[in-house]
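Only one chain is given next, in structure tokens, and it is the form predicted alone.
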């Protein structure tokens, strides 16, 4: 028997799609029965009270969660998100209802043994509610009490070889696509660099010292499956320098109907015969392709690596062989003031594990130094770039300006030089200039 009546929430179960409300009710019933006879470490009615407080929020049109502040475990300032209900007398089961972020493995590969251990731990010391995965990438364990935090962390770190993820004004848990483990488009090993930098920057992940949050995301190719270009302060997107590889026989196979375009994703839809001119060549954003004499040609100098042609004809077209990544800076995806895409900072860099990715660390660390020196409280990197200008970012990193950094042609005819940028420096001071001018 449910503890609270939830007529508004019940409406969310009426549509054709699975509902989180049904899942929560099922979890509440399971905890009430507790057929295993476990001495659960948080109130048995925690999920019932969660449904109740959500119903009240729907009824009042406002949240009944207070700002949680920082809650942590010994030695870690990040990884636990504080949650407190502003109606503890009415809903004692969720008077405190903290969220634990657990660092996901690179590529999000798990064993069933690990997942069972994690779920058993959370059933025992938490609400049993999980989010696989949050937009940051972590495993999200939703809802436990303050006394259980140290117990959960001890169990994870000592018996499961598992660490907390990032939360607060620190480096958030780096996230990546499946990369070369399963994807033929990946231009570098996203899993290896994601794991390496997660280990390398553990202090930045667990001891908040930044002006605000900072995110790395690693996309193996420009398809951007983890949306790094839109959601990360530093985005690493796989790319290549040389030509797209073309198999002209496979091109003919697509044109002749032997192969289905888009990997057969639209099989069963009668859209007519494949038209390479209409579906590939004409859709190239830079017009760098042509199909003449039953041959497909690509002008590499004009190609922006958008991946459209490769996605449509994966048997015929493959990424180049001189691969690496581009680094973009300053993206964020807030709800209220709108998304901001990353700006290209490094057009191409080799992703080399042999020297522990030093070339990439040499970009990351000067950016942190500049941002920590100049950034305001709760100012993301992208906002600092907008406030001080992209040129300041280039100066901070020591990266030489290149045409790819230019967003649009100049509209201001004046160019102002710094003294050190003028060969030989200034030879006259302002007084001498005025004397000459009077003559």
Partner chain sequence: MAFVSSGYNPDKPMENRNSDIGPRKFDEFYPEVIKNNKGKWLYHEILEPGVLVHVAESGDKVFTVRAGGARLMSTTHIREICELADKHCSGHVRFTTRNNIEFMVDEESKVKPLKDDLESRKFAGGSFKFPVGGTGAGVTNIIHTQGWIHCHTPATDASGPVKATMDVLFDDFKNMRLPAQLRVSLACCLNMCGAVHCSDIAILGYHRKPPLLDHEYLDKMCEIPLAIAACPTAAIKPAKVEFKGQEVKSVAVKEDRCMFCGNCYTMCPSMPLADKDGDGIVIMAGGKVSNRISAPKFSKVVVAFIPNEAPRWPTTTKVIKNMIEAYSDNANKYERLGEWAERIGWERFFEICELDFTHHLIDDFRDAAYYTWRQTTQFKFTK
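Numbering follows the first chain given and starts at 1. The term rigid core refers to the most C-alpha atoms you can superpose between the two forms while keeping them within 1.5 Å. Everything numeric here is computed off the predicted structure, so don't read it as measured data.
In what follows, reference is made to the form predicted in complex with its partner chain, a form of this protein that is not presented.
- Here the chain stands alone, but in the predicted complex its contact with its partner chain, taken as any heavy atom within 4.5 Å, falls in 191-199 among 346-354, 191-199, 363-371, 295-303.
- The shortest heavy atom separation between residue 124 and its partner chain in the predicted complex is within 4.5 Å.
- Of the heavy atoms in residue 39, some are within 4.5 Å of its partner chain in the predicted complex.
- Though the partner is left out of this view, residue 17 does reach within 4.5 Å of its partner chain in the predicted complex, counting heavy atoms only.
- Although the partner is absent here, residue 111 sits close enough that one of its heavy atoms falls within 4.5 Å of its partner chain in the predicted complex.
- Out of the listed residues 61, 403, 409, 413, 61 is the one that sits within 4.5 Å of its partner chain in the predicted complex by at least one heavy atom.
- In the predicted complex, its partner chain lies within 4.5 angstroms of at least one heavy atom of each of the following residues of 18-35: 18, 19, 20, 22, 23, 24, 26, 27, 30, in sequence order.
- In the core-superposed comparison between the shown form and the other one, the C-alpha atom of residue 400 has shifted by less than 2 angstroms.
- Compared with the form shown, the residue 50-residue 335 C-alpha separation increases in the predicted complex, the change being 3 Å or greater.
- Pairwise change in the predicted complex: residue 337 and residue 368 C-alpha atoms lie closer than in the shown form, at least 3 Å.
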